[in-house]
Ligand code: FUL
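Okay, here we've got a single chain as structure tokens, the form predicted alone, with questions on binding and movement later.
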Amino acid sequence: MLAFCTHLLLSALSMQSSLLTDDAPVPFGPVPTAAQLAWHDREMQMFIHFGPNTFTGLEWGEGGENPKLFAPTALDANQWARVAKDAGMEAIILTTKHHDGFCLWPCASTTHDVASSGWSGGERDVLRELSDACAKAGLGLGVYLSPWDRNNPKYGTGSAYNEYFMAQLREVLGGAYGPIVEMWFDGACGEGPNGKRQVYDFAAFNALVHELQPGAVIFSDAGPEVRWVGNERGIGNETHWCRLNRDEFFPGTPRSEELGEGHRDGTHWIPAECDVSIRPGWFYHPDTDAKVKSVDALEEIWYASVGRGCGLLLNVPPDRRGLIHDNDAAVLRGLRARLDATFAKDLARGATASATTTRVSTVSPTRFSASRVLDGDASTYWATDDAVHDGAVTISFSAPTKVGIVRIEEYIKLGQRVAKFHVDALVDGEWKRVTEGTTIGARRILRFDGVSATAIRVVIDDALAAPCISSIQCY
């Protein structure tokens, strides 16, 4: 017993000592949750718009469509998952119910669903099949449920409809379909079949999502975990603060410019997601088979979204067979091949790093050294002392090296700090500025005219607090 008590005392003293000697920077401002960190890591996800609109040619269904119109002839959710995986995507978000109110799962509270469609005898469940396919492929699963319902007569009645909608959320999120990584709400609020509009109880909706799926992030114009970027072109802002004064926004908010940039002094961590379709519309239409975005176009979107620290949600709508069209799949494979070739070799690995200033550590002299940006460990970082809000890290190569892309990442577990930076290259013994930017956040990927450099220097010109840079990569 005495030995056990002695062990507890020593453990407590050791913990107290580590706390006293932990000289890491304290978090600055709002910081991401574990679910938000996982969302940042996913970078690119697939959006799937599928339902009666696929067969009617509409983008916004009217709600009175006969369920029997839904009649895919060869639906294969495993094919969707393979295409997403081949494209390097990390999750699939399905329009489980769009504005027409049609449910892609057998819904207990409506007959406007797959069970009433006659498709495969009414025995199949699209959400179930996608859930199984995602689990098999190692992909996350997200769901879109539209609060706007142009079919249900309760829409526009207030609390009665909100309870109906929450019952649908319970069916989808209650565990039958496994873990959900993202709940996607939009702010569309039109008239229902009775000609009335509905006042949504998003506070109750969000609380229920958090209760049923605590590991999921909720997307809407206002978050509460992920916000809309303010456009449907897949383009993130050059300045992208993950911070937002959340209480000033609501689903359906028109303040798109602020949503894109965020707020330098924002109260909550709510990064931006960039949604865009690979085709002119969100649902499949046969006359757009020749209008699929090119590899070049998708590459530009990738750099303007993922490269600016946002998430990319790329819509790839299945056709009337229930398959992703060959044209879409081919372009996605081309994008993946392009990115894989570009980022095949980090030229900074094996180089050496030095800094103009380094945070003093009593734990280890190398704890916050410049070498941390090259070690490939996301849990380490270069940092400066608290009073120092600028500085530079130089990556030196053993021989002149052709560089045209730099990827920089902050250690966002301690908040977003960098407000302005630039990148220099040492060319023929002289420093030359090659690119510059404002925010960094989870990542900033910058392209510039390739130079043969013996060193690359990332200069933090302004930061809200001591900069903490976890990674610098060169390509």
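When you see a residue number, it is the position in the sequence shown, counting from 1. Keep in mind that this is a model prediction, so the values were computed, not measured.
This protein has a second form, the form predicted in complex with the ligand, left out of what is shown; the following refers to that one.
The stretch from 108-116, 128-136, 93-101, 235-243 that comes within 4.5 Å of the ligand in the model of the complex, counting heavy atoms only, is 93-101. None of Tyr161, Tyr284, Trp184, Trp302 but one reaches within 4.5 angstroms of the ligand in the model of the complex through a heavy atom, and that residue is Trp184. Scanning Arg417, His40, Arg443, His49 against the ligand in the model of the complex with a 4.5 Å heavy atom cut-off leaves one residue, His49. In the model of the complex, Val360 stays away from the ligand, with no heavy atom inside 4.5 Å. Within 4.5 Å of some heavy atom of the ligand in the model of the complex lies at least one heavy atom of Ala188. Put simply, Tyr200 is far from the ligand in the model of the complex: not one heavy atom of it is within 4.5 Å. The ligand in the model of the complex comes within 4.5 Å of a heavy atom belonging to Asp275.
Along 129-163, a single residue, Tyr144, places a heavy atom within 4.5 Å of the ligand in the model of the complex.
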